[in-house]
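Before any questions on binding or motion, here is one chain by itself as structure tokens, the form predicted alone.
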Amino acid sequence: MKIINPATEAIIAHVKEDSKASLKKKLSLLREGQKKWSRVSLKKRIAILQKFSALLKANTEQCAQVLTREVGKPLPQSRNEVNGACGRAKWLTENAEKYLSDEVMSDEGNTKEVIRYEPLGVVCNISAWNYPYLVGTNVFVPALLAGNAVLYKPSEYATLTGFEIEKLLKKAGVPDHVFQVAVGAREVGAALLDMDFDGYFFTGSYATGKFIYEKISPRMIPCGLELGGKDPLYVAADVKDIKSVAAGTADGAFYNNGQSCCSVERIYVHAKVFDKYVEEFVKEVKSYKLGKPTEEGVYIGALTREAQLKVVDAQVKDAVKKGAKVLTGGKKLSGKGHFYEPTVLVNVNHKMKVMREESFGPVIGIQKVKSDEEALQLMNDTEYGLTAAVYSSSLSRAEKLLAQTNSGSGYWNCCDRVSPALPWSGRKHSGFGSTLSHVGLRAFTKPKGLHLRG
């Protein structure tokens, strides 16, 4: 399998894909290793994963360089991702003992009632390319802490990063027979679905998540799906510092080239502040430097997948055909590399693909609304339900609106944000199950109720 640098289109590595036979061998190794790993004390497992976090921190530059080379994100953003993964690992390891230890529910009379959190067994983690360190940490760290073995399949677009993760986990003390990497593209992913895992955890598109769920559902095993989003943001009439709001929300839309499940994908702005907001928003976007992700000051790098260029361009052309106006950007750069100009559209509506279908690229539509009620109706007019954001000077106003949005996360005066202390979950086509927080730690366990009478 060829590994391509999306900024230059040069081949940077060749890797050997797994076969069905090699995958079965890895699963057999993990099956035996998990039995021993589950008997390792929780304190020792925590210490090993804390060492992994320390190694990740110490090797930030190496990890970031590899990440930028294969996914195309600007180098400072790659460093931020590695640091973010360290932060998530820190919270998970510091809270693992609290949430994974036996929980005494009652100790009255001669009967003790206890909840024990037992590992699922061997879990399959089919991961994503847009934030491989972050979405990977969401799964394999709590899974390992809970006593599971993990077969980790990085996206074919982030394979080298998968090797970096494996190297540091093993160096930290995770046994070879407890964490294995599966290498390959779609065919390898499909082969994994036919194998005898005790749970599947996938991050990616709705279409692939739906396929995975339909395939494994007859086996009645745990399945966590972190899927896409069409995340809305509303700027209310009472915002004060419009320039600051425009800059912050533009960052929420274009950071990592807009290639994030929780990127702002559509913006609704009250008519009273629409013109000023759009003016400041466009000014901010025009200041973004587009170029090779290793160059100083670059904010917009290359799209990871060449195919996504066509998706973004088709959305822009569809919008323009239906009456939208391009205020900046609107086309692919000529020459080598998967570069698309950061694009801002106005005069948009929900008849346009850019306001309905996931973009996963550097494009945003901004729609004028007359009231909070109209904004709320449009925010909920989607098949997705990952995040929703409201910018307002009034907390009560924002909370009232967020209470009525059908999304897993809500933001007031912020966006495109994930905290390890809060559950990360989606609704509708954004998936189900949770990672992060105490909910995410326990997602990799089978709770057992014990009635102990002596």
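From 1 onward, residues are counted along the sequence shown. Keep in mind that what you see is a predicted model, and the values were worked out from it rather than measured.
Just so you know, the form predicted together with a small molecule exists too; it's not on screen, but the next bit is about it.
*Asks:* What is the one choice in Gln367, Asn130, Ser78, Asn148 with a heavy atom within 4.5 Å of the small molecule in the model of the complex?
*Replies:* Answer to the contact question: Asn130.
*Asks:* Note which of Cys223, Leu378, Leu193, Leu160 lies within 4.5 Å of the small molecule in the model of the complex, where distance is taken over heavy atoms; exactly one does.
*Replies:* By the 4.5 Å criterion, the partner-contacting residue is Leu193.
*Asks:* Contact with the small molecule in the model of the complex for Ser155, defined as at least one heavy atom pair within 4.5 Å: yes or no?
*Replies:* Yes, Ser155 is a contact residue.
*Asks:* Does the small molecule come within 4.5 Å of any heavy atom of Cys261 in the model of the complex?
*Replies:* Although the small molecule is absent here, Cys261 would touch it in the model of the complex, with heavy atoms inside 4.5 Å.
*Asks:* Look up in the model of the complex whether Arg266 has a non-hydrogen atom within 4.5 angstroms of the small molecule, and give yes or no.
*Replies:* So Arg266 does not count as contacting the small molecule.
*Asks:* Looking in the model of the complex, any heavy atom of Leu169 within 4.5 Å of the small molecule?
*Replies:* Outside the cut-off, so no.
*Asks:* Determine which one of 79 to 87, 294 to 302, 334 to 342, 200 to 208 lies within 4.5 Å of the small molecule in the model of the complex, judging by heavy atom distances; exactly one does.
*Replies:* Going through the listed ranges, the match is 200 to 208.
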